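Same protein, same chain, two forms; see structure 1 and structure 2 below, as structure tokens.
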Structure 1
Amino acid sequence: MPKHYRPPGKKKEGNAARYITRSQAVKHLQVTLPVFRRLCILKGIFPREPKKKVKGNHHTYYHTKDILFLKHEPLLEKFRDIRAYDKKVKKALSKKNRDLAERLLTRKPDYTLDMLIRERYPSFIDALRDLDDCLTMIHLFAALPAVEREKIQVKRIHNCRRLSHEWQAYISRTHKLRKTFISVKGIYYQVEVEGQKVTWLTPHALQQVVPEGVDYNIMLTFLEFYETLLAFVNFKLYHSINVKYPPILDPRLEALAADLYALARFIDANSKVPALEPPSVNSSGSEQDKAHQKESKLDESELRLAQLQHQLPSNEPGALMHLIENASGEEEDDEETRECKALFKNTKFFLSREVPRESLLFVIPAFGGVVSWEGEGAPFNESDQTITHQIVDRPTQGRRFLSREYVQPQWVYDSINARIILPVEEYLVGRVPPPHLSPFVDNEAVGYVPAYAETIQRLQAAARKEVLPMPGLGKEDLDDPQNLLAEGIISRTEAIEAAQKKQKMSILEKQYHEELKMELKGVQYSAGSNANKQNSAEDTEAVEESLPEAAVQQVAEDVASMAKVLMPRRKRKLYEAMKIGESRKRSQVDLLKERKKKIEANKSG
């Protein structure tokens, strides 16, 4: 009898019944592999890892319930219909029946993914939680060229662009952006929406490479789902701030590829109108009319006037607008949002041609700044006297206004991450800027703090009006190691050393005091010393410290290995694995430290 013999009539049990391989699943559903793939992607079905792989290790296993779930999906039936319909069209075409083909093509069966989204993300928070990949993908496709051969259509690229701009406009308007990071791969953004941290990557605004060895069908299937998801998320978000969705943009700005700005304007106009004005006024369409009205209504309240002024296309969205914003939206914001909103409050930016405009147009308003750019449709031009910062990225700047700073774009991103306005000296035009550090790294946890991070910390503390000691001059603080630790600037080892030194000092002191006491009592010195010896014997640490270093190390090792002796096997293995991980991390940090030392030696030498 074979090992896995199952008598006839007896059902499969256990893993054999619970999991089926992919080819079995495909056969079961009676679909082709591409359709199966598509279904899996859209439904979010993924393979599972059974404890016992009945069919062997080189198979992909799906849970039977997952496959049944797919089987009852209406989309499956829809896909079949579409296939049949396609055959009809093909037949008509091959019979030269063009009318029929055309008529059929006008009424192609279509499908929607709304219910799938509802099913996969029962609540809005769930959708936000899963938005990282969605945003990254949509931003990537927004930057890709349309490729006929790979079926990347212009329409979809435009849709991606629109969706990404809508998302950015919302974030920018509500000041939800938290962190940014320019990497070689593109620009990372982290936002916090409804308590969920969402991070995505935007490629640099350059011609993207479309490589060959990529199955675009799969990517486009994912994109299809993501497009729908983001549209629904945007809808919900826009409605939460009382803005109509989909937004209607100023065609002039749209034509100038300033979609983001147009969107921001739309949101500003739309979100405020219902709050301030009676609903009878139609907000979006009649901007021009209002401009005319404006002249006649000079005696209107300043609030109203400011708002109208803002809606004028040629007018700047200036300080007045911010007044309103602050007045209206303060109460529901949390503290961080308020902090973000106020970061670039009193600054006015102008972007030169060569800087990444889209990114900065998104980032600066998100932190409360006012921004314009070189080109048509800009709210104000370069000669504006109130501009405080001009972002340039060129070797030299010819014509300069004295009233403004000429800084490199990195300054904006670094300031945002540090949440303070950094001094501009190091970022001026033509200089090599200081290193750009990732805001996503917890330096303390990694164990290595880059030099510039320390500088930024000091600046932050200075901004908070706290005085921090300079590293290296901290010797006088030795009697308060706690304070040092709290500040977290001097490395931990130093603090530990100081603490140990202090401990020893205190032990010696205590000993001395006790001796004095005994002398006073008139106890025989020898007995006292004996007692002392016992004391010290009890304090093994003290004894161990008196030993030579190698011995101390040996003792420590012994203690460690003896503790390991009693651990159960599973725990011991876990412990060892953790130790290996730790040592790997440590070796990386060591490598960094070593490199740094070398670089410094080269500099000085």
Structure 2
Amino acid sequence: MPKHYRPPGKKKEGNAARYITRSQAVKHLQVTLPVFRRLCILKGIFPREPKKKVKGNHHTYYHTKDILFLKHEPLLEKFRDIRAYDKKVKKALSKKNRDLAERLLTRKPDYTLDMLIRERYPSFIDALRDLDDCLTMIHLFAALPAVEREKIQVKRIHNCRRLSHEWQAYISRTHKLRKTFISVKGIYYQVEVEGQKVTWLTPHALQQVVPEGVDYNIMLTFLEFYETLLAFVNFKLYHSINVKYPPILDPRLEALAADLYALARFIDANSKVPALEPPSVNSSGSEQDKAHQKESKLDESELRLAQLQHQLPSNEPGALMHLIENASGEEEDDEETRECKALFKNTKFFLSREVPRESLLFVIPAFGGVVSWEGEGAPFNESDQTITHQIVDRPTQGRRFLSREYVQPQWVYDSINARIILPVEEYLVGRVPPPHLSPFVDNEAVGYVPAYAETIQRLQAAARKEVLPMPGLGKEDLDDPQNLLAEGIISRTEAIEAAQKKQKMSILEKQYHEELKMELKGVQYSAGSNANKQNSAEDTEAVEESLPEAAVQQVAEDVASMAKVLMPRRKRKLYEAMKIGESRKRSQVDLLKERKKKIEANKSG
């Protein structure tokens, strides 16, 4: 009898009833494989891995309930209608009836994904949690060229670029940017919106090459869903700061490819519009409310008319402010947002043409700075005497102004990650800048702190007026080693070394206090110092005799091995895996330290 034999008429049970293969699902839904893939992407249905694969390991499995869920999806009927309509158009073209084909194309059925967004994301926080891949995909297609053979249309590229600029303008206006890092792949950004951290990757502003061997149909299906999702998120975020969506931009700035700056000006102007007051109880309240609405509509129409008739000056930041009445102050920001907002508060930047303009136009205003660039539509020119920093990436400059600093673009990103204005001496034009450290790496967890990271920590402590321990001394020198060992912060050998170091420090401190007493009594330093040296030598010898290193290590190893023997099997395996991970981490740290020693030896040699 076969292993999975089931008598005829008996109901399926177990994995055979819970899971269904992809070929069975396609046959059950009566659709083609591309349509099935598209439905699964839009509905958020992914393959599953059952513990027992009934049909074999070479099949892809789905939940049976998910396939039944797809069976009653309205989009499935829409796709069938579109397919039937395409057949009609194809038939008309084959009969050389172009008039009928054009009429059919004008009445082609269409669909929207609005209900899918509300179905998959019941709350706004759910949408923010799933925004990482969405932003990465949209920023990727915003930088790609339009390729007709891969069905990458110009309209999709422009829509992705518009959505990405709207998102960046909101982040820059509300100062929600927290981290940024430049890598070979692109530029990483991390923001915090309503308590949710969102991280995405933006490609470099270079000529992108569309590689072959990539299934762009699947990517375009994901992009179709992500465009709708980001439009919903931008709508919600813009209305949270009293700004209408979609925004209306200055056409001259749009023609000059200054979309981000135009969006920033639009948000600065429209976020000052006060919210409508609630109607009062008396009869005159409704009249006041109507008058207030009429005034707001007049202001809005005046703004639209000024924008469309090219009456807005484009040579000064915040030029729309005179069109709208001043409103009450903004909502109170948290401490981190206030810190980010005040980082570049009194600085004014000018960007040369060789630096990444879009990225710097995004990050500098997000931290309170004012920025301009070289070209038409810029807020101010290079000859402005109030400029404090000019971002350049060329070794030679035609002319220099003595009233400003000429720095490389890395200085901006390192200052943002450090949350302080770093010294510009290391970032001057023509010099090799210090290493660009990633803010996404926890140096304490890794176990290795780079030299420049220690320098930044000193500068941060000086900015906060804190006192750090001297180089070579750590927190374990100040805390009790036994407590640190019990909490699992340090290992047993590190605790022994810390205890020895603490005893030696206490002996030296005692010797120092005795010398001070002898000075107060008037005893000569030479006689007292010899006696103290002898006493300190005897004390150190006593310490070394009381704590022989080999014996202490042997005792620690015996205790550890005994505890390991008494462990259950599962916990012992877990403990061994943890030890293997610690040894790998230690070897990586040792390798980094060896490389650092070689670099320092080469520099000194």
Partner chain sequence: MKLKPEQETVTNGEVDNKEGEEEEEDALETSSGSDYEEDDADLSEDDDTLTESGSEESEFSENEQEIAATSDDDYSTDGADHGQHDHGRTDNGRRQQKQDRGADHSQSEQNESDEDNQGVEESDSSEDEVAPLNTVGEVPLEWYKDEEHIGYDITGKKIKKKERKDKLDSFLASVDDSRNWRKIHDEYNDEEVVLTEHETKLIRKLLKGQAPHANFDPYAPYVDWFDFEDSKHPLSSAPEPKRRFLSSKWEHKKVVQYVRAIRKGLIKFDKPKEEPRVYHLWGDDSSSKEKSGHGLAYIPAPKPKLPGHEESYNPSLEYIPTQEEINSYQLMFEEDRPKFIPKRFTSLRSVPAYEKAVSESFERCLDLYLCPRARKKRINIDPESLKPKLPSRKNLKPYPTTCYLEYRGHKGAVLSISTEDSGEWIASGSSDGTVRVWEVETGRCLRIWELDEAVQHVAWNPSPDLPILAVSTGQDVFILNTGFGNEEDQKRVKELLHVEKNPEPDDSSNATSIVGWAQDDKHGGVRLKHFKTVSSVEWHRRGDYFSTVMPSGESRAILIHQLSKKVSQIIPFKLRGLPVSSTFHPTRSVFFVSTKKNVRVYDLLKQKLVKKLETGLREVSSIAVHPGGDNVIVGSREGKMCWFDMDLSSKPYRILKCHPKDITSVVFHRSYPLFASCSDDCTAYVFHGMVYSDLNQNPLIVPLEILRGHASSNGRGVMDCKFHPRQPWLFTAGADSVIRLFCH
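If you superpose the two forms and keep the largest set of C-alpha atoms that fall within 1.5 Å, you have the rigid core. Being a predicted model, the structure only gives us computed values, none of them experimental. Here, residue number means position along structure 1's sequence, counting from 1.
Undergrad: Between the pair I just shared, point out the form predicted alone.
TA: Only structure 2 fits here, because that chain is the form predicted alone.
Undergrad: Fitting the rigid core first, would the Cα of Tyr575 be found 2 Å or more away between structure 1 and structure 2?
TA: Yes: Tyr575 shifts by at least 2 Å between structure 1 and structure 2.
Undergrad: Superpose on the rigid core, then tell me if the C-alpha of Thr112 is displaced by 2 angstroms or more between structure 1 and structure 2.
TA: Where the cores coincide, Thr112 shows only a C-alpha shift between structure 1 and structure 2 that is less than 2 Å.
Undergrad: Is Met505 displaced by at least 2 Å at its C-alpha between structure 1 and structure 2 when the rigid core is overlaid?
TA: Met505 C-alpha, core-superposed: shift of 2 Å or more.
Undergrad: Just grab the Cα shift of Leu591 between structure 1 and structure 2 for me, core aligned, in angstrom.
TA: Here the C-alpha difference is 2.5 Å.
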